[in-house]
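This text opens with one protein chain seen in two forms, each one given by itself as structure tokens under the names structure 1 and structure 2.
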Structure 1
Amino acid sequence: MNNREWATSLLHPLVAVLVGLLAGAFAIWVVGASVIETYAEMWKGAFGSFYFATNTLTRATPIMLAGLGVALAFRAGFFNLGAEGQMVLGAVAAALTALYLPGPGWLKLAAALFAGFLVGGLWSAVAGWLDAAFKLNLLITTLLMNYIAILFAGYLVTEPFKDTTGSAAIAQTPMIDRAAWLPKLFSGMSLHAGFLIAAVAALLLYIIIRHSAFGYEVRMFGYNPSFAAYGGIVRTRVMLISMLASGGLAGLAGTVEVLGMQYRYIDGALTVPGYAWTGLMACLLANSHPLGTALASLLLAALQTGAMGVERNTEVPLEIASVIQAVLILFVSAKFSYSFWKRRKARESHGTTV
């Protein structure tokens, strides 16, 4: 990438963020609140104190992991929209592993992390396999498999593995042994070691995509599948591995949330906040760049925790965050500057005869 391309690739999300905030301002104005005051509250809610800032990082953790998973699949040109289901299955698998595996706490923890990654990954790889072997459209199968996964996980915690000790109304597993919890990073704060896992994952994924042979295959596949095939890169292999890792990261997102925050699998606790979909948005915002996805996850998490602050202190509801996010994503997909750039470039390289 040369400098000008760098500039455009950065400019793009920035413009989108601006448009998103403008749309949010419009929504706030419609509700009849003060725009400046509301945004000030939002800032305070996200970064106003050390407590709020770590809260934001906590919320960013599953978003980041899910977003990284999506980013990997997108880089290879596969529209994996099943992060939510992969996350939920990973989470439930991790919770059950930590609950029922005998042994010391560290073993339970390690096994739970692995199980979460594996189950999320396998669920995603099934969709990859359906595409590779039977040409079922991946976008649709991953979407539909979300509903199946969420319902199945819901079944597990309402019937066979339901926590019968506490109040019977909530569908959830029993609580995991304290020894298998992910440690908190600061006492009294919600931030847990899962954030470190996410940060390391972002860095690793960046290095793998940019510098490894497999990353090269993924990129070439995303650029032009025929070119990759011509060079002897096998589609099925790239698809299965990247879908496995992609779903695995989503599964890990659910896993760290279970092991670091909730200490049990609670039905709906992962889907209602929309972690996976926010991760997808972060990935779109960053055009599937791993480090960018991590940053965008922080931004979107801040938007959400900020909106909670807004709801606490003003009459604007916290759903303002979803409006801002959606507009932001809508505009990041437009290619104004990009198409303008392309047109100019075409002229320079004298696009005469085809």
Structure 2
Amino acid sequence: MNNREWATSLLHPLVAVLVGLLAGAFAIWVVGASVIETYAEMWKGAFGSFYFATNTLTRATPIMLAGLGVALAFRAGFFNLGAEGQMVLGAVAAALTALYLPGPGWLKLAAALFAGFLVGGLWSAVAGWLDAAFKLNLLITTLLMNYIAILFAGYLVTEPFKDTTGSAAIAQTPMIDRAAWLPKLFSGMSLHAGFLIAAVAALLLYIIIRHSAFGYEVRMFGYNPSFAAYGGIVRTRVMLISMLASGGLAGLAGTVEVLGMQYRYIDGALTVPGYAWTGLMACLLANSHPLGTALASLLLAALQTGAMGVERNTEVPLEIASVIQAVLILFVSAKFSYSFWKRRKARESHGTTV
């Protein structure tokens, strides 16, 4: 991919959000509110103060990590729709590791981060193995495995590892020891070191995909699997490594939420906000570009936190963010439909050489 194409991938999230904001402006005008005032409140809710800006970055952190995981798999041509289940299993594995591993706090923290990455990665790799061994469709298996992971995690915090010291109505693990928490970046703010992990992951993934031998194999499989196989690249190897790393990043998304925000695993706390699916949207908006995915994650998080400010200070409901996100989904759908149409036309013109 040349520099112009990479720059285009970075611009896609900005263009998509602009289109979404225009549609949102129309919806605001329909309900009789001031578009300028509403968007001013949205900006204030997302970046209007240092406190609000750190809240936006905090919300962007799990979205970014989940989106990067999906982006890696998509870049290699493998459709991983299981980020939500991988995130949940990674989170519960990290919580249990931090709770029951003996040793000092720094060891518990490091082990919990590793456990979250490993468990999320292995759960994703299982889907890759099913594809390689039994030709099961990767898109379907990863999607259905979400339900298994979420229900299994729910069972763990409802029965064997439930916190019985507090309210019996909440399915959750006991509180993790403070020494194993991710440190806050600023005193009194919600932003934690997980954001730095996400930022470093985006940069490393970009470097790996762009400048490493494995990244070359990933790009070749994403562009043309037949040519990659003809060139001696082994599909199973690339798929398993890609799915392992993809699921690991998704597992890390849940891990940093547990260690940096919730300090325990709470059933439903990761699935209700839709972090994984927002990460998927960020990945699609950025054409699976790692840095573009990070930027899109930040924009989508700002949209969500800004909408909360709109609801607090205007008569416009929180659902305005849903309207804008719906338009973004339509934008992504239209882009993929156009790409599919172009490939089909090219195939009709040039036969099987495309």
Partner chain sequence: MEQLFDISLLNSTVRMVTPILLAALGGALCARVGLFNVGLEGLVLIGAFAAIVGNHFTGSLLLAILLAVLCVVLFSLLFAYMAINLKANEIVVGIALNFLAVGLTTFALRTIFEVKGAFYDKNMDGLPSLTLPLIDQIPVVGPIVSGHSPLVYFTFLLVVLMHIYLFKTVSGFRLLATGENPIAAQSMGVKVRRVQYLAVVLCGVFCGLAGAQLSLGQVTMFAEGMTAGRGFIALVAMMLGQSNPSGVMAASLLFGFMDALSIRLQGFSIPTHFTLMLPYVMTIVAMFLFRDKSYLQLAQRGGGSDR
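Structure 1's sequence is the ruler for residue numbers, which start at 1. By rigid core we mean the largest C-alpha set that fits within 1.5 Å across both forms. What you are looking at is a predicted structure, and each value in this text was computed from that prediction instead of being measured.
- Looking at the condition given, the form predicted in complex with the partner chain, one finds it describes the source of structure 1 alone.
- Core-superposed comparison between structure 1 and structure 2: CA of residue 27 displaced by 2 Å or more.
- Superposed on the core, the two forms differ at residue 314: its CA moves 2 Å or more between structure 1 and structure 2.
- Superposed on the rigid core, the forms differ at residue 36: its CA is offset by 2.7 Å between structure 1 and structure 2.
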